[in-house]
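To begin, one chain is listed below as structure tokens, in the form predicted on its own.
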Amino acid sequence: MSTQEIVNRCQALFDDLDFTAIKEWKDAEPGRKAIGYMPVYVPREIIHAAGMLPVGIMGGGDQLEVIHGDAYYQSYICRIPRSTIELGVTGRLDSLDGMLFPSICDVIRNLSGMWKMMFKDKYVRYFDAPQNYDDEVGGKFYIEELNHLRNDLAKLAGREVTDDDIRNSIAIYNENREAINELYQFRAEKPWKALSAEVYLVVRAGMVLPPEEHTKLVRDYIAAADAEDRPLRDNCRVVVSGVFCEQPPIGLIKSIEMAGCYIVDDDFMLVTRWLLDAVPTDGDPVKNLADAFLHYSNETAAKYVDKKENKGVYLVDSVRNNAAEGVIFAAPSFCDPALLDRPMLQHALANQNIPYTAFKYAENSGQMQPIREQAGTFADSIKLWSA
């Protein structure tokens, strides 16, 4: 397949707010179930091991007019709960048999409670994560959480979820993460060949496709993009930070690139890159997943870190490792985790003389010109003053 054919397929999946791909996957084999999850991180391996399809629900984006959702939430919070409610009450998520809400913020916690009240016939769980990274404290807690989820999904599936099932799923997701890491590495090395709007759509396709199918899609895109002759532009290289939950409009990503910036790293759909190394497939698979979260997961604003001196280290490392020249902080309006961490992250960048700029957005941002102008001014300042 050509690059354009792959991107067109991913764009169609992105545009389909009726989640037809999920319905087709379920219809292909009677009895199949799909479990939705909100962004950031959930242990998708457990869902997959239960024979179910993990489905990333990233809000309604800029295509969805929110009418019902606004009646459930106040205006001074981010938009993602309102658009997710809109997807639910309009029947677009009827193909899901359950929803997981990870512990990212109070808004998502409240959304899980709202979901329980509104969809009483569905499985709903607020999935908590440890804030203590000691194996004997946070480790034991997280193993209990994973086993609770495992048992719940076993009841829903009507069969046991065995250790071998989980080991097999771990191996499949290890390969998927490896492919996505290859894609990010390819973009960092040749950003003119792998445009970030395309990379975003390719990774986003993994929110609705089985991981085995998505892994092949990612590698097909890398091969097709590498073979394509695209012009190298005099763009500056930037890292985009703060976009781990409510996702940006595609137009925002394109606007940053059109302004003269190559995005060489980001935290879009962090669930796909949360774990930084392969999870072992031998031994106790649940403990292995817990150890992975505790000891080699991403240090970002989406994760509680008790050592404040660590704040910003991952971002500085990202700049260095990807030969970036600056950072663009893009956070959804009213996103507490991103906006509360931003001063500490900016301080870490300033200590290393790394330039940055910042703005806020909503998933339905309609006017991109101010963002393009700000990103363009930032790119010009880097070119003028970086020497």
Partner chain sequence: MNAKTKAPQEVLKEDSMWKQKEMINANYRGLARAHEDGRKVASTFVPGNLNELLMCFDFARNLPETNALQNGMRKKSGRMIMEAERAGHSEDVCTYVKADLGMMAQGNIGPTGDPLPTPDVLLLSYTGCFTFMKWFELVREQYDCETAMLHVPYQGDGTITSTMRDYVVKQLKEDIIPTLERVSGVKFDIDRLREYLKESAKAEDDLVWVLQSAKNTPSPIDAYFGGVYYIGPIFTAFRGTKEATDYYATLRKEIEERVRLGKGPITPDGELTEEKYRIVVEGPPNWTSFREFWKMFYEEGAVVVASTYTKVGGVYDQGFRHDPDNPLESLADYCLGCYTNLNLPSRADMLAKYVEDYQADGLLINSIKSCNSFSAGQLLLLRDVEERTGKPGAFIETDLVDPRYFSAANVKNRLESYFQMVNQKKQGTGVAA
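Positions refer to the first chain, counted from 1. Please read all numbers here as calculations on a predicted model, not as lab measurements.
Below, we turn to the form predicted together with the partner chain, even though it does not appear here.
Visitor: Is the partner chain close enough to Pro54, Tyr184 and Met207 in the predicted complex that each of the three has a heavy atom within 4.5 Å of it?
Guide: Checking in the predicted complex: none of Pro54, Tyr184 and Met207 is within 4.5 Å of the partner chain.
Visitor: Can you tell me which of 234-242, 129-137, 248-256, 271-279 lies within 4.5 Å of the partner chain in the predicted complex, counting heavy atoms only?
Guide: The contacting stretch here is 129-137.
Visitor: Name the residue from Gly283, Gly91, Gly158, Gly113 that puts a heavy atom within 4.5 Å of the partner chain in the predicted complex.
Guide: Of Gly283, Gly91, Gly158, Gly113, the residue with a heavy atom within 4.5 Å of the partner chain in the predicted complex is Gly113.
Visitor: Among Leu339, Ala362, Ala34, Leu64, which has any heavy atom within 4.5 Å of the partner chain in the predicted complex?
Guide: Residue within 4.5 Å of the partner: Leu339.
Visitor: Even though the partner chain is not shown here, does Tyr296 get within 4.5 Å of it in the predicted complex, heavy atoms only?
Guide: No, Tyr296 sits far enough from the partner chain in the predicted complex that none of its heavy atoms falls within 4.5 Å.
Visitor: Heavy atoms within 4.5 Å of the partner chain in the predicted complex: does Met344 have any?
Guide: Within the cut-off, so yes.
Visitor: Are any of the heavy atoms in Tyr73 no more than 4.5 Å from a heavy atom of the partner chain in the predicted complex?
Guide: Tyr73: yes, in contact with the partner chain in the predicted complex.
Visitor: With the partner left out of view, is Arg230 within 4.5 angstroms of the partner chain in the predicted complex by any non-hydrogen atom?
Guide: It does not: once the partner chain is placed as it appears in the predicted complex, Arg230 has no heavy atom within 4.5 Å of it.
Visitor: Within 4.5 Å of the partner chain in the predicted complex, counting any non-hydrogen atom, which residues from 146-172 show up?
Guide: Heavy-atom contacts to the partner chain in the predicted complex: only His148.
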